[in-house]
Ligand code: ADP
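A single chain, nothing else alongside it, follows as C-alpha cells in the form predicted alone.
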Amino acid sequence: MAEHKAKHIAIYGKGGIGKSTTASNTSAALAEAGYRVIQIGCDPKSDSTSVLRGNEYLPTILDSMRDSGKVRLEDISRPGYRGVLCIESGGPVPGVGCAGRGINAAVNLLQELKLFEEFKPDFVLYDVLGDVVCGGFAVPIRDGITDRVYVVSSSDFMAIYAANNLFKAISKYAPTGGAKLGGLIGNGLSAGYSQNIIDDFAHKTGAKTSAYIPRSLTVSQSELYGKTVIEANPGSQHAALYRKLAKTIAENEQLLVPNPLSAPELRSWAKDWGDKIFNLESGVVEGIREAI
C-alpha cells in the first residue's frame, strides 16, 4: 500500500493583504471537495483560522507551551468548517522574543505529537506573515516543511515589493531543497488595470498567476459573521472563485523558481506603471502626437 503523502503549502503575503482570508477560503473549498485539511496559522496575531471556526477562542501553541509542561493535540486544535483542523502557532509575549521563532517551535511540537501521521491530511496550509522574511518566518520555505508556496498580492507597490522579497527567499532556498513557487494570487483587485499589473510582474519574474480575486463586500460580510465565503455565501461569485483556486492548487504540479527583480529594476518597473496609470487617468493616448 502506497504511503499517504500530504501536500504542505505555505501561503505568504504582506500583512493585511488578505492571505488569511485566502487561506481559509481555500481550506474550506478543499474540505468541501472531500479532502482532509489542516490549516496552521503562523502569524503572531493568531487570527488565521478564525472564520473557519466561527471566531471561537483557540489556545495557541506558544501560550499552551508556556502555561503547561505537557501539551496535547486536543489542547491546541479545533475542528472547523467541514472538519478542517485549525491550529494557531501564536507569538511571544509582546515586547519579548522573536515572533518568527514561534513557527519553528510550533512545527517541532506538531511533529512530536505525530499530527500528520494521526490525522493523515491531504493538504496542510501554513498561513505565514510575509512583510519581512526573517529567519523565523522563512522556516516553512527554508527547512523543507513545505514544498510549495503561493504568494498573495494586490497591485499596490508595497504588496508587490513584499512579493518580490518572497521570490528572493524562494530562489535562495529552492536549490537546496526549499519550497518552490506554486503561483501568485492577485487579491483585492479593484482598478481595471490591477490584473494587468499582477500579470506583468509575474511575467517579469518568470512566475505565473493562479487566481484573481476582486475586492468584494461579500468577503467582508462573511467575515463579520465569523465565516468563510464558502460557508456564508456558497452560491456567490467569490465562492466560485475560491473553489476554482482550490482546484488549481490541488492539481498544480508545475512548481518553479522565480527570478526576482533587483531593487533598481523593481523601482524602474513601478515607475513605468505609474506613468501608464497617470496617462490612463488623464486621458493621454500613447503613440498619438497632438496636431500642431
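Throughout, we count residues from 1 along the sequence that is shown. Computed from a predicted model, the values in this text were never measured in an experiment.
There is also a form predicted in complex with this ligand; it is not shown, and the following applies to it.
Contact annotation: I213 falls within 4.5 Å of this ligand in the predicted complex, judged by heavy atom distances. Contact between N187 and this ligand in the predicted complex is found at the 4.5 Å heavy atom cutoff.
Though the partner is left out of this view, V84 does not reach within 4.5 Å of this ligand in the predicted complex, counting heavy atoms only.
Contact check for V219: a heavy atom falls within 4.5 Å of this ligand in the predicted complex. You can rule out all but one of 243-251, 260-268, 60-68, 219-227: in the predicted complex, only 219-227 has residues with a heavy atom within 4.5 Å of this ligand.
Taking this ligand as it sits in the predicted complex, the stretch 7-25 comes within 4.5 angstroms of it through a non-hydrogen atom at K14, G15, G16, I17, G18, K19, S20, T21.
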